[in-house]
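So this first bit is one chain, no partners, the form predicted on its own, shown in structure tokens.
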């Protein structure tokens, strides 16, 4: 049994490692809003427990034991998010904060019951994969919406849940997982992106488009003039 603090660090290391490949003390302290000295102290503790390895200039890496714990916490978190959304009707921009409070105290029995009640889901409300009970996780093959070109169509695969305002912003446009849309135009110099969702047109900021991940991409730039 590990403390909530240890579990939070392991989860954060996994998330940074997945996104950037390298986990520095500074990136970890920024994500967890702690002083670099506190992060350094915890990294040393995790290393002593053989949950991470830490080499100078190479950053922090999870060991197999550390990754197993991190994926278990992520599984709890995402199952709770889906349960809150589907069973209790909690908006998708609010489930993340609530799940942060529950993820450390969810028992294995309740985890199994929740999993069964939801029909053994593989994705959370934001499209993020839910790790399996045996510690495996689906690797998504998607790209940011910001990388699309005018004339292309795609399907929303996942939306980052790091910012509730972002979720409300894209939610108003209907950009939920499995939603089909088309890029109508893109203003030059990293300008706004005009998209069409069903029969409605919306303007999406390029900053937000970096956090909407898409798949099933069709069409090409040449279609924009048709």
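The shown structure was predicted, so the numbers you read here are calculated from the model rather than taken from an experiment. Positions refer to the first chain, counted from 1.
Form predicted together with the DNA: not shown, discussed below.
- The listed set 56, 172, 64, 199 contains one residue whose heavy atoms approach the DNA in the predicted bound form to within 4.5 Å, identified as 56.
- Residue-level contacts in the predicted bound form: of 185, 190, 38, 47, one residue has a heavy atom within 4.5 Å of the DNA, and it is 38.
- Relative to the DNA in the predicted bound form, residues 160, 176 and 209 are all farther than 4.5 Å at every heavy atom.
- Looking at residue 213, you'd find every heavy atom of it more than 4.5 angstroms from the DNA in the predicted bound form.
- Put simply, residue 34 is close to the DNA in the predicted bound form: some heavy atom of it is within 4.5 Å.
- Looking at residue 17, you'd find every heavy atom of it more than 4.5 angstroms from the DNA in the predicted bound form.
- Among heavy atoms of residue 195, none comes within 4.5 Å of the DNA in the predicted bound form.
- Considering the DNA in the predicted bound form, the lone stretch of 161-169, 25-33, 66-74, 177-185 in range is 25-33 [heavy atom distance within 4.5 Å].
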